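As a starting point, one isolated chain is supplied in structure tokens, in the form predicted on its own.
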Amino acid sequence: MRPPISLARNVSRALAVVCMMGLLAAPVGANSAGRLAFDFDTGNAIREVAIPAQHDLFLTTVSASDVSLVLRHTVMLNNAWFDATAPYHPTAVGVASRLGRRPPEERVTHRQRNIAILYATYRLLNSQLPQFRQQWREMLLSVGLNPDDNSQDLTTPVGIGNRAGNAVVASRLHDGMNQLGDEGGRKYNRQPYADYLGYVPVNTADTIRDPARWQPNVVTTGNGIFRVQEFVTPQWSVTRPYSYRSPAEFTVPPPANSDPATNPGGYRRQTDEVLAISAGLNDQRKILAEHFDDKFRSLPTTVTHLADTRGYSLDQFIAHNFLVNMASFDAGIATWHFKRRYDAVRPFTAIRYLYGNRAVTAWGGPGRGTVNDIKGSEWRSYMNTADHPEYPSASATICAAHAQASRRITGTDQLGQTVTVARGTSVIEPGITPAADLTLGPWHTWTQWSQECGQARLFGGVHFRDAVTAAQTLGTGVGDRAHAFVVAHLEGRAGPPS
């Protein structure tokens, strides 16, 4: 294992440490003139300005479990921050840009980097979320910066930030995700992020034509409106990764137990295991499932913990966060590649297929506990079933990539994290679960953390065990590629920008 990376030894440690997107940080107060009381020399613009300005607005456009859209947004933000600060690093080069090297005296305080970060953020957000353009202007105005300053001067942090943000935007407009809705030759009434690959499920929401294949579920919020799922962003499977050329470079064998025609015993065993886990749910398992399902809650807290306990510099924080976001994004692309290939059945379909209207023993729904008279056709997983095929598990792959990349950049498997969850704060069973304050962990190592992430998908009832096992191998391989990619850019030996 490589030794830990030393990043910008001569810069002061950041006074404020943030998570993957700074989601645990609170905004600073405003001064008497209405501006944020932000200190450019010692502050952290990511934590104190950029994230408070955009986090809640972003969550009005997606949910925390919309993994493909969440990770594309977060990796582009982190890419912009990495590229905007690379000129102030002793050796680093940007991923989407080459903006030169600034003299060491500009690294003594955080001022230049903070300004560059905010302008890069501004350019990125105006591309990703243009409907909030006025709010992004207010973000810069709140700290005394001019949103109309379009400087391209690479001797100034404004010019560096503008160039970095625009470069990341340009590099990703046609990366395969269909951000502009024009893939497939669509000219009018464009539909951003729409499928242009023509995926059509074998099964319908009402009919199981092939019990080995994915079935769209019918979802509702209890308001009388019902929606049939569609495979969300299947084109993520052909989106350009950062750290490898093609997902075909990885090997994921077909699921061994997903076809009752060829392996009826394995199909029934894996389905009955899901039912047994459902019947044995307790508060610890429920909250673990919820924790890892929410990518804003589970992924960021690990790097926040390390930054707090190990005293990361601002450069170290930016590098580690870009690494884990990029590892997660690339892991998702590979996962989607194999999800499309295998199009595997989810547990809820297998239970309906095998048990129909016969009674099974399982969790009976929010607040009902374990019951023994629920029909197979009425069973639901504890966590909401995501709108994409089952194999391999996306969450388990992403956690494995996140963990492996972190092992490599820190040089150790040690993590030492716990998360405390207040009583009654469950999303699925609010006011009921957990019955008392509950602690997740301690995750002494990344290995423990990654394994529990995988187990959480079983507790949530959304995956079979084979999907978790395959995911952990895939994610580890992607984590290694991501680490090599970031190290090459930190050490200034990367190839041309993307």
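One rule holds for the numbers: they count along the sequence shown, beginning at 1. In this text the structure is predicted, and so the values were computed from the model without any measurement.
What comes next is about the form predicted in complex with a further copy of the same chain, which is not displayed.
Task: Listed residue that, although a further copy of the same chain is not shown, lies within 4.5 Å of it in the model of the complex (heavy atoms), from D373, D153, E249, D308 - done: The residue from D373, D153, E249, D308 that makes the contact is D373.
- [ ] Would you kindly say which of S377, T420, Q414, T91 lies with a heavy atom within 4.5 Å of a further copy of the same chain in the model of the complex?
- [x] Comparing distances to a further copy of the same chain in the model of the complex, the residue within 4.5 Å is S377.
- [ ] Considering a further copy of the same chain in the model of the complex, find the one stretch among 430-438, 61-69, 468-476, 454-462 with heavy atoms no farther than 4.5 Å from it.
- [x] Residues of 61-69 come within 4.5 Å of the partner.
TODO: Evaluate R186 for contact with a further copy of the same chain in the model of the complex, applying a 4.5 angstroms cut-off between non-hydrogen atoms, and reply yes or no.
DONE: Contact with a further copy of the same chain, yes.
- [ ] Report whether the minimum heavy atom distance between S171 and a further copy of the same chain in the model of the complex is within 4.5 Å.
- [x] No, S171 stays farther than 4.5 Å from a further copy of the same chain in the model of the complex.
TODO: State yes or no: in the model of the complex, is some non-hydrogen atom of Q191 no more than 4.5 angstroms from a non-hydrogen atom of a further copy of the same chain?
DONE: Answer yes; at least one heavy atom of Q191 falls within 4.5 Å of a further copy of the same chain in the model of the complex.
TODO: Check whether V219 has any heavy atom within 4.5 Å of a heavy atom of a further copy of the same chain in the model of the complex, and answer yes or no.
DONE: It does: once a further copy of the same chain is placed as it appears in the model of the complex, V219 has a heavy atom within 4.5 Å of it.
Task: Heavy atom within 4.5 Å of a further copy of the same chain in the model of the complex - qualifying residues of 337-366 - done: The stretch touches the partner through G364, G365, P366.
Open item on the list: P430 and S65: their C-alpha distance differs by 3 angstroms or more in the model of the complex. Do they come closer or move farther apart compared with the shown form?
Closed with: Farther, not closer.
Open item on the list: Since the Cα-Cα distance for S65 and H174 shifts by 3 angstroms or more in the model of the complex, is it a contraction (closer) or an expansion (farther)?
Closed with: The answer is closer, because the C-alphas of S65 and H174 approach each other in the model of the complex by 3 Å or more.
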